Structures are given as C-alpha cells and as structure tokens.
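What follows is a single chain, given as structure tokens, in the form predicted alone.
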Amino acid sequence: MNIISYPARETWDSLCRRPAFDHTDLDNVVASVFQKVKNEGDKALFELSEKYDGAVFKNLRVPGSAIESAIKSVPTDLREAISIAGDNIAKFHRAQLFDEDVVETTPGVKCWRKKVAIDSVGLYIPGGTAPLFSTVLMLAIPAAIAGCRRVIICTPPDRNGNVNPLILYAAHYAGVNELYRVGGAQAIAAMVFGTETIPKVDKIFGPGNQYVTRAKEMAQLEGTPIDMPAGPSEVLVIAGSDADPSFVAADLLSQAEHGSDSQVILLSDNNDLLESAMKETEKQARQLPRKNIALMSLENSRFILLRTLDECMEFSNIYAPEHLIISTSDPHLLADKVRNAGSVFIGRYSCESAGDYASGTNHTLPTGGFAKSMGGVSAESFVKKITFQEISGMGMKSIGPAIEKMADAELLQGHKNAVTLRLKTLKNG
C-alpha cells in the first residue's frame, strides 16, 4: 500500500476504476450453465452442484426437519441479536410504502398509482466463504412487508448437501419456508427457467460472486428482471485530521475481508492521518481470521491525499461507492454534497457494519459505479406501481382536442379517431 499524493484531476477517472477481470471465459461458462439448466432441469442442477461445489445430495428442497434442527441450534443471544436487527429492518422498510393521492390533472381527469406486490420473487443468498444470513433478513423482510405471495431462497450447500443453519434460521425468522440448496449461476438459471422442483420467479434478488452477477445480467436477457448487478464489495472513507485511525482501518477491513476482489478507498486532506491509518490497517489485517483474503483485497486499495475535503467529496462522487463513510469534524457538511453513493455513514461512530446488520437500512447496494444511476434494495423493490386514469365526459371535452391535434401530428389516425368518436357522442348528447 502506498499513498497517492495530490493526483492530477485528469487521472481521477483511472483511479476510480475497479479491478479488471477477463469476462471471456466467464460469459462462456455462465451461458453453458444456462443452456444446460434450461434443457435438463433438476438433472443439470445436481450435476453442476457436484461439479462446482463438490456437493452430492438427493433432494433440492431443504427438508422441514433440517429447518427445525437449525432453529434449535441457534444460541439464545444470537437469536436476540437477529431479532433486534429484524425489528429495525422492518421499521425502516415499512415506512417506505405509502399510498399516493389521486391527482385531478384537469377537471374530470383523475390519475393515480396503486402499488401491487410482485407475485413471486427469488432470493439468492451467498453461502461460500461466509454464510450471509444477514442478507436473508435484508431481502425476505422487505418482501414480506411488500406482500409478495411467494418467496423462495436459493443458497449453496456444503459438500454434504447441508445449508448453513444460520441461513435456515434467518429464513424461518423472516417467514420463508421454501428453500433450495443450489448455488452459483445454476441457481439463477433455475429461477429464470424453472425446473421440476424450483419454480420460475418474476424477479431475482441478492448478491454473489462474479459468476452469480453475470448470471443475473443474463437473466435480464431472458426476460427476468433483477434488483441490480451487485458485484464485489467496496467502501470509500473520507477521513479528516481528527478521525480515529483505528476506526478508519477497521472500516476499510470490514469490506476487505468480504473477498479478494473487494476494493477499499481512503481519502483525506491530511497526510499524517493517511500514514497512521495505513499502519493501523496493516496491523489489524494480520489479526483477522480472514487475513489472507483481506490482504489480497488491500492490493486493490487506494490511499489518496487530496488538497481539501471538498476535493475528497468530488472524487467520491466520481467513484460512486457502494458504502461511503464520512469521518470529519463536520460530516453533515460533506454529506449534503453526496450525489452518488449506495449508503452513507455519517460521523465517527457510524460504521459500515451497522448498515450491514442492524441499523435498519438495507445492505444490498449498487457496486461498480452503479450508484450513479440506482439506489439499494428497498421495500419498493418488491412492488410494481400500476397507473390508473378515469376520464369523465367533461374531462374528455377538456383534453380531447389536444389529443386529436397531437395524434394527427404523429400521423396516428387510429389514436385520433378514438377521441373524435367520443367527442361526437358527447356533442350529440
């Protein structure tokens, strides 16, 4: 790790690039998985699970007995922690759904929108190097609040075909009892096409590795929408001279330990802070159980010295981080200038881990710069909003002539006639 001091603005774009990957083989692998699952259904899922995960088992659906056993195995203190997180997630997401007013755009013309839950959704829960049971809460609780009729979970099993009990417990807590032990691109394909056992869903949610992310992108080409192309984790920290180097280092490592392809960025206008944070990061990294992963991730890191905190904010808006932590003497001053970020953490005690688990906000967030054009998962992600309009005779008299003129200008006589006939009827009483 080295400090990059006062980089010229023309280099900022290159400094904001994520680690590059060769997608040629990735595309071929995922495309072949899709084709195999589409043609062979469950048979393909068993074969691919053995090929890629080394897992051999007989039934794709997790049996109720396994869920019951998982419920009993979770310690009381962890249950209480999950309950605190679940309550906060529910409170925050429940507030996101509200009824909209009927708008009378013109006398006699009423327009409104009605929110309707997506019928069936599929949640992908990673279970490889870390069993992300918190992601179950982040996705299943908003789905329940939205009122989705069917919610299924796909998650990779271990070599014995078992799913991590914490994932099973979190699913039970969130009210999901339809779980399938299949991971990777084959799980996404199963939810896109449907198999003898796993149903086709209307929308797919959840993070994953580069194969899962590419599979989700291919899902859209097959007509199944997704929440977002959530790729490797990332965090950007803006630290002032009074920031605590140990806090900053811990925040960087909380993302670096996610995966070797994660990226962490530290920006400051104070070189002493950068040097202290760098030393602390190296020290803390070697104490982590996942230190090898964290150290590999740090190879993609950036420690950048800029002239002012305002410049740091400008750089951050170009990078558009998944997580943005602002640890300065007046963090709200910079927070007001945020234009692009997935989730923002304000002040020295607002660590990214809080958003990952228990503050109530959602941790399924846009990565790879997608925060420039989209936000994270919310309760609204699980609903569609249908527009309605009701036009009275008075309303048609009011807007009809404008519709006729516009349709005529676009050479769409059928559109015009639909209005003209109504206006004649109204004129004739």
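Just so it is clear, the structure is predicted and the values come from calculations on it, not from any experiment. Residue positions are given as counts along the sequence shown, with the first one as 1.
Another form exists, predicted together with another copy of the chain; not displayed. Remarks below refer to it.
Is it true that 338, 358 and 418 each have at least one non-hydrogen atom within 4.5 Å of another copy of the chain in the model of the complex? Yes.
Examine residue 114 and determine whether its closest non-hydrogen atom to another copy of the chain in the model of the complex is within 4.5 angstroms. Heavy-atom contact with another copy of the chain at 4.5 Å: present for residue 114.
Closest heavy atom of residue 227 to another copy of the chain in the model of the complex, within 4.5 Å or not? It does not: once another copy of the chain is placed as it appears in the model of the complex, residue 227 has no heavy atom within 4.5 Å of it.
Contact test in the model of the complex: residue 66 vs another copy of the chain, heavy atoms, 4.5 Å: No.
So in the model of the complex, does any heavy atom of residue 345 sit within 4.5 Å of another copy of the chain? Within the cut-off, so yes.
Identify, from the list 70, 60, 55, 403, the residue with a heavy atom within 4.5 Å of another copy of the chain in the model of the complex. Residue within 4.5 Å of the partner: 403.
If the cut-off is 4.5 angstroms on heavy atoms, which of these, 166, 306, 298, 278, is the one near another copy of the chain in the model of the complex? Flagged contact: 166.
Considering another copy of the chain in the model of the complex, find the one stretch among 182-190, 153-161, 244-252, 266-274 with heavy atoms no farther than 4.5 Å from it. The contacting stretch is 244-252.
Counting only non-hydrogen atoms and a 4.5 Å cut-off, give the residues of 82-99 close to another copy of the chain in the model of the complex. The stretch 82-99, when checked against another copy of the chain in the model of the complex, contributes 82, 84, 85, 88, 91, 92, 95, 96, 98 at the 4.5 Å heavy-atom cut-off.
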